[in-house]
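Shown here is one chain on its own, the form predicted alone, set out as structure tokens.
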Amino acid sequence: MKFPLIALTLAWPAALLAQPQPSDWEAVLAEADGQTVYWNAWGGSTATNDYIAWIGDRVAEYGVTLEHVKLADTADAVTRVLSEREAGQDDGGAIDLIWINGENFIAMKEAGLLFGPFSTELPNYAFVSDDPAITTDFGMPVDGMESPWAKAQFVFMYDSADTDAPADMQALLDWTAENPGRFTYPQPPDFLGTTFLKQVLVSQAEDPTVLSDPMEEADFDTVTAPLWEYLDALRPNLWRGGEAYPTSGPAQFQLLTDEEIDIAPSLSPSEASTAIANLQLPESVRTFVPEGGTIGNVSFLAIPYNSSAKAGAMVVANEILSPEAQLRGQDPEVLGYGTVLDMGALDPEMRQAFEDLDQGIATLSPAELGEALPEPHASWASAIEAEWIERYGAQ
């Protein structure tokens, strides 16, 4: 009975030693040379797809081939890794890198499906801002198990040729009553649609601090009652009377362009400017943040425990943290994502380059955006999605 345990004890340290260690970066680079990294990432945005292709050109200099596996739902990648583990495939997995955050990260971390910790030892992590939004993900400590790559904050796009910006969330509700059919949001569980629900929840809850704890520790019906009251009042005045919803954030662009709606949510403060630059939105579109603030979060990269190209995946994650890649990502004509870097950690020339970056005509300044509100604990998202579908999804 003891032999298998002894064998496992002898074998496990060898497996650990075989893993690439970011603290020995030269060894990581040597191992990464010749690897192909299959990055599973949402593929619904041409701008994002082009940026990932640009990153691929950058890491090719290290001998790494980057393949973008375009996802409609990150949960598909989580399911794939889980299925591989259940089948006993503990190495040579099909996924090397995942664009992830929130409930999918928590699910993988709690199930032991992630490689790491690795992120804080990446060479370019020295440039990363010391920000609680980067060290935690939907209330869960990151613990080096995922690497940040972009900041986001919830805003609303509006066509300034047709309307003014409502002052706060109650004013938005009142505006929809005065302008029926001119506002919508993507159908949950689309990520942006769910974020709109969370924005309403945080703004309307009597005590938003309870949302930082797991949903099971609170009275769900009591805490979420103001959310459903708000949505019940909003729904009849939505685009198409709330009988249909856009399938995604980009799907809203066409509604704005066709002047079917005047206001729509976005999770990227610069998305409108980028879309204007790409001729996807009218030049009259602007953005606003309601009084009281909006939810902010960070996108991360994670490496599955059974990745077949962990070293190459780390090279990709490190490259995205480079000041050059972050500067390009913040350019509204490229992506318009918020940077995760600390400007004080950059050299004067690069810091100036960020300061000189034209954020675009529709992008609010950091002062106008204000402090981002924390995301509720991930357990709230799935619960309000399920309740939303029960209440409105089948109608």
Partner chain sequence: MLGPVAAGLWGAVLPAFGHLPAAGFEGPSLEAWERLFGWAGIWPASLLSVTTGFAATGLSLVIVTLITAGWWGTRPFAWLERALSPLLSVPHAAAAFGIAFLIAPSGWAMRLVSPWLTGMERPPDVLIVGDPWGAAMVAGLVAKEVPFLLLMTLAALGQVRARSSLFVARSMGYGRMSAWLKTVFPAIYAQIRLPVYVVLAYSMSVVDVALILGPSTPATLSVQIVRWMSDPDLAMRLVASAGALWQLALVIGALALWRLGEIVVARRGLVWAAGGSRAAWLESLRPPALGLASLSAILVLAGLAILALWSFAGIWRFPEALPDALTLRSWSRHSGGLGQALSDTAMIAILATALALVLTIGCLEAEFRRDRPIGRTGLWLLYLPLIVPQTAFLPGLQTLLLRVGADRGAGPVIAAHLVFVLPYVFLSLGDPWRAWDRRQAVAAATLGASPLRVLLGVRLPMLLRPVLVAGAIGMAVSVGQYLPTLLIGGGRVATLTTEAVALSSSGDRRAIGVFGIAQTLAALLPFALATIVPLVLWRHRRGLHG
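These figures come from a predicted structure and were not determined experimentally. Residue numbers count along the first chain shown, from 1.
One more form of this protein should be noted, the form predicted together with the partner chain, which is absent from this view; the next part is about it.
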Could you tell me if residue 32 has a non-hydrogen atom within 4.5 Å of the partner chain in the model of the complex?
-> no
Would you check, heavy atoms only and a 4.5 Å threshold, whether residue 99 touches the partner chain in the model of the complex?
-> no
4.5 angstroms heavy atom contact with the partner chain in the model of the complex for residue 109 = no
According to a 4.5 angstroms non-hydrogen atom cut-off, is residue 225 in contact with the partner chain in the model of the complex?
-> no
One stretch from 176-184, 114-122, 138-146, 314-322 that, in the model of the complex, holds residues within 4.5 Å of the partner chain by heavy atom = 176-184
Thinking of 127, 130 and 234 as one candidate spot, does the partner chain come within 4.5 Å of a heavy atom in every one of them in the model of the complex?
-> no
Of 164, 259, 206, 221, the only residue with a heavy atom within 4.5 Å of the partner chain in the model of the complex is 259
Given that the partner chain is left out here, which of 340, 47, 55, 369 has a heavy atom within 4.5 Å of it in the model of the complex?
-> 47
Any residue of 274-295 that, in the model of the complex, places a heavy atom within 4.5 Å of the partner chain | 277, 278, 279, 280, 282, 284
